[in-house]
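Next comes just one chain, in structure tokens: the form predicted alone.
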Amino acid sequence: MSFKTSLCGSASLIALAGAIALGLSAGPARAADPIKIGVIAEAQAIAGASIPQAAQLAADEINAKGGVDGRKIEIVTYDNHSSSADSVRAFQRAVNEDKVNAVITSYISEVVLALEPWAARLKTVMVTPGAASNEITKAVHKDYDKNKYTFHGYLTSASLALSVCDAAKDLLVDGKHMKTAVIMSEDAAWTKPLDVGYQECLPKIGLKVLDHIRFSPDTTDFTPIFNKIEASKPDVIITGISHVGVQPTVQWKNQQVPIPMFGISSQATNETFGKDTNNASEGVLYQGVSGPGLAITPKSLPFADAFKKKFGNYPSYAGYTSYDEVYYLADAIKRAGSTDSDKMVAALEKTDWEGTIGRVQFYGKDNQFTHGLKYGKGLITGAMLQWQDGKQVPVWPKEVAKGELKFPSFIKLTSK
């Protein structure tokens, strides 16, 4: 679906004046043409539904303030049905038929990795709001001239592991004196480097890894997995789950697994997760780039509240990033004075934008994560939230925390 916006009269004159001021060669009609951003996402998925919604909200806000030098932003959306093949077809249509100027796409790493060669072939700027695999940015680093059109608008798996470990050090090791962990991750492209990161950083913060379990995203019965974990008697389960979330969480509660879950759980970032799990989410700890009640920057709460007012629920993590991406794509186009892909790439590489998730800057050519978001204090660190009494409560970092750790009665904290 898409909407068309035509400008006339004084708006056209303003757009033309802006184009002349920027030194563009466009005539009056072209100067008023909208800037088209394609959004290819998992519109029916718990974590993906927020992507097109947040992008539209950002476009509406920008357009209400006059657009980009008089040009409105038009969001053209495509539901990829969580399919790489459907995503490729949508990308080709977006560029060749709908003539989009840039594409925001997917929270699934396999999808983004399938689209990266197409961004190169069609020389179209592509930003992901939720995929995490290190391979996305490594491809840019290995063949910059070919893959420079891809930007990683979410933390890489390596950075996510660091964020989880930084939070675990403060909350679990220092706060609860925990000493042991089991890693439980779905078998997917993004979790391979995530688990490598976990295995490296967890021992460094004082959590001995007792076991490492990878399971198929098609798993429906987690009983054997939880039984195996309980046999190891860890203090905590460190998770890497995104394509699944509801099923293991419901079974975790139903089976009264006495070990807390802490880590990445993408579905838990959406406010609907409590209802989706019939409140089995109570006590689940998850990493997020922002969240309800979490003032990462002055822009975080106004966006979350505006999103809830418009769509009825707070966004998933990919909603925050998608919203930011529309803004800094618009900013890059304004600074570039053009929608030419190469000029947009050069402008995006100089991005220094305060968004809802922190200060957005991208790693350069010399970094192995070229075009990945910079991680660290003063930039983006992520946060840890916990489901408490049906709400998502920020518990880390302490400067923005709104509550202390709180677990359901079946959780037994073994370490003192």
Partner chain sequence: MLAFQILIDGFAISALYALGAMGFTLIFGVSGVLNLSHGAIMVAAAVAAWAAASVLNTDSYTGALIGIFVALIMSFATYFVVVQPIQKSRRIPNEEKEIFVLTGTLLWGIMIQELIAYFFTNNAKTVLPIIEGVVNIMGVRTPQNEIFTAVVCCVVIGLLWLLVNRTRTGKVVLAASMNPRGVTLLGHELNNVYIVVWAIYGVLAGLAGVLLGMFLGVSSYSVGPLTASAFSIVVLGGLGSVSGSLIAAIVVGYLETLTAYLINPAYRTIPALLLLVVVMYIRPQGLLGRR
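Residue numbers count along the first chain shown, from 1. Since we're looking at a predicted model, the values are computed, not measured.
Just so it is clear, the following notes concern the form predicted together with the partner chain, a form of the same protein that is not shown.
- Interface residue among 270, 109, 134, 338, judged by heavy atoms within 4.5 Å of the partner chain in the model of the complex: 270.
- The contact residue chosen from 99, 177, 275, 310 relative to the partner chain in the model of the complex is 275, the criterion being a non-hydrogen atom within 4.5 angstroms.
- Residues 56, 62 and 68 are none of them found to lie within 4.5 Å of the partner chain in the model of the complex, as judged by heavy atom distances.
- Figure note: of the listed segments 301-309, 329-337, 221-229, 156-164, the one touching the partner chain in the model of the complex, with heavy atoms no more than 4.5 Å away, is 221-229.
- Looking at residue 247, you'd find a heavy atom of it within 4.5 angstroms of the partner chain in the model of the complex.
- The partner chain is not shown here, and in the model of the complex it never comes within 4.5 Å of any heavy atom of residue 297.
- Proximity of residue 257 to the partner chain in the model of the complex falls within the 4.5 Å heavy atom cutoff.
- For residue 253, a non-hydrogen atom is located within 4.5 Å of the partner chain in the model of the complex, even though that partner is not displayed.
- Contacts to the partner chain in the model of the complex (heavy atom within 4.5 Å) from stretch 46-63: 46 only.
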